[in-house]
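One chain comes next, on its own, written as structure tokens: the form predicted alone.
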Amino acid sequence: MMPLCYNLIVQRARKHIFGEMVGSNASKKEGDGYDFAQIRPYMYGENVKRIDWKQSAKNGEIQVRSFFEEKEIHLHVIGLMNGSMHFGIEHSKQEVMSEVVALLGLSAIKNSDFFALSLLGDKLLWQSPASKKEAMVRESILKTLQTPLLGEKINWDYIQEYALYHIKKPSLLFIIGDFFELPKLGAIARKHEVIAIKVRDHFEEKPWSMGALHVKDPITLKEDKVILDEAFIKRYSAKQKEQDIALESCFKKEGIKTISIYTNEDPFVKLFATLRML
């Protein structure tokens, strides 16, 4: 299958975001907004224009209409740019990550929210300033798609420090990666609202028998010979399942929401419910 190009990613994301009713900017905090919250007793100093005279007459005391406050979201995406994101049978995981960045970025600016992107490995590879402009989202998509990945590795100590001290405002933080390593997210989740997006290829979890192969590790760049027979696949799959159970336990412990997207799936379909809540 042909790789996803930048123009196709932007075109698909714009069609989804500007052609669908996603995003609402609703808040559960009462304040100056337009979404009705409740009728409650008047408190000294409140705007008298909010008084509901009909309900006041019924209850024998002054009642006011309150509304949910409109909130401005700071949406920040961290892309985990390790070498394994280069892999994919139908599309590379890097391409899928780029499409997720497009969907989240365009959804944010549609709602007049701030969007920012940081591409991290064991160091900062690229970052965008917080912006409400589509031009910045487009640049973020391109950088995600074109950043070289082979030989890159993840350093969770650095990622944790970056999320805590460089992302200064508490944000809605999306962390995108394949999560083949157990993350350090406890401290990050206490500062930000974190949603982990796990991007994988089905072959990585359930490989099929292919005999002897010469392979190169996309992180260490070391070459080796492996035999993908039934015995190897059985051992590998059992180990991978064990690791994923530990990963899910980690997410659950820290109260982190997760979304799984495979390289043969439409990211918008998997993200739609989340985008509606932005």
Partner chain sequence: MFDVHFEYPFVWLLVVLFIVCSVWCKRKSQSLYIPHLLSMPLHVKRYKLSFVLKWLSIVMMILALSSPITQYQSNSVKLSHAVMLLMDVSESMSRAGIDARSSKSKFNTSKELAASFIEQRENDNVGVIVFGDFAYVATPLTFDHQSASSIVQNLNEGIAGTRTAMYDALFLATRLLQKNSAKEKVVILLTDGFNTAGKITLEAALRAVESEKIKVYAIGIGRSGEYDETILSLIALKSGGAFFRASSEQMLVEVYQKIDAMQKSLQKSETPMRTNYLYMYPLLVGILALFWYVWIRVREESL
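Bear in mind the structure is a predicted one, so any value in this text is a computation, not a measurement. Residue numbers count along the first chain shown, from 1.
The same protein also exists as the form predicted together with the partner chain; that form is not shown, yet it is the one meant from here on.
Here is the short version: of 54, 222, 253, 49, the single residue with a heavy atom within 4.5 Å of the partner chain in the predicted complex is 222.
Residue-level contacts in the predicted complex: of 139, 178, 193, 90, one residue has a heavy atom within 4.5 Å of the partner chain, and it is 178. Partner contacts here mean any heavy atom within 4.5 Å of the partner chain in the predicted complex, and among 41 to 49, 56 to 64, 244 to 252, 208 to 216 they occur only in 208 to 216. None of the heavy atoms of residue 124 is located within 4.5 Å of the partner chain in the predicted complex.
Within 4.5 Å of any heavy atom of the partner chain in the predicted complex lies no heavy atom of residue 111. At the 4.5 Å threshold, heavy atoms of residue 84 reach the partner chain in the predicted complex. Although the partner is absent here, residue 162 is not a contact residue: none of its heavy atoms lies within 4.5 angstroms of the partner chain in the predicted complex. Residues of 225 to 251 lying near the partner chain in the predicted complex, listed in sequence order, are 225, 226, 227, 228, 229, 232, 235, 236, 239, 240, the criterion being any heavy atom within 4.5 Å.
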